[in-house]
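Here's a solo chain for you in structure tokens, the form predicted alone.
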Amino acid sequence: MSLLEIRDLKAGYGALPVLGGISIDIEEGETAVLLGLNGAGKTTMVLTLAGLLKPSGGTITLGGEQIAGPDAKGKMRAKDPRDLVAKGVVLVPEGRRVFPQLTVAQNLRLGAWSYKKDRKGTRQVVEQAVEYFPRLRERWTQLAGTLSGGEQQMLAIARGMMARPKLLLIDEASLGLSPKLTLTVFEVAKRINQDGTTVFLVEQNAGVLDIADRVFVMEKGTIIYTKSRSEGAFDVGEVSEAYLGEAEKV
């Protein structure tokens, strides 16, 4: 059974529809990637999965439990974002959105708020996070707002890990980063996956194909391409040239 099953998902903003009926599966333990240009509907997709945007149709099922969909009377219902975090769905949003006036340590502790009573477990997760990103240990008492863009992205991902996700959603991790830092972030995302977390990366950079187990390409709110690594190697040229226009491989 898939960890995440999405069927005919529709969502948008008021009278503006964005997602036109998405259906995808993500298996537990995979690194899945959603590629597409600006305006394709990628962020709308992850906001809906995280419970921050209520769908207008379709269903979302997590580990066999419906977390969004019609009730017995046909009215759309969706789990509260806090309930989804408790169930293991954690979003690292586009633009990093660290707390600039708090230190690195304080940002991480806020990420572990759901587990504030489990101090031992939190310390273990902190150690794992700074193992992924050793630079954060060096910046431990530094205000997050004074970090470089790459360091803020590291902190945002590490803060997401503090909530102990089963499904980690990462929106545009490479945005504004150098090719070298982008590669580092992608490599860490794969390490997180190998350590037991299912990862769903939303990207424009086709270089992420190197770490992907499953790829979806979105255009104008619909999925136009789906492929699993088990079906064969991904053709980076085909994806980037045919579907992503000017997006370039790292």
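Keep in mind that what you see is a predicted model, and the values were worked out from it rather than measured. One rule holds for the numbers: they count along the sequence shown, beginning at 1.
Missing here is the form predicted together with a small molecule; even so, the following discussion is about that form.
Enquirer: Do V18 and the small molecule come within 4.5 Å of each other in the model of the complex, heavy atoms counted?
Expert: Yes.
Enquirer: Does E131 make contact with the small molecule in the model of the complex, using a 4.5 Å heavy atom cut-off?
Expert: Although the small molecule is absent here, E131 would stay clear of it in the model of the complex, with no heavy atoms inside 4.5 Å.
Enquirer: When the contact criterion is heavy atoms within 4.5 Å, does S56 count as touching the small molecule in the model of the complex?
Expert: Answer no; every heavy atom of S56 is more than 4.5 Å from the small molecule in the model of the complex.
Enquirer: If we define contact as a non-hydrogen atom of the residue within 4.5 angstroms of the partner, is G39 a contact of the small molecule in the model of the complex?
Expert: G39: yes, in contact with the small molecule in the model of the complex.
Enquirer: Identify which of N193, N205, T44, T182 has a heavy atom within 4.5 Å of the small molecule in the model of the complex; exactly one of them does.
Expert: Only one listed residue qualifies here, and that residue is T44.
Enquirer: Only one of these stretches, 30-38, 208-216, 61-69, 182-190, has heavy atoms within 4.5 Å of the small molecule in the model of the complex; which one is it?
Expert: Among the candidates, contact is made by 30-38.
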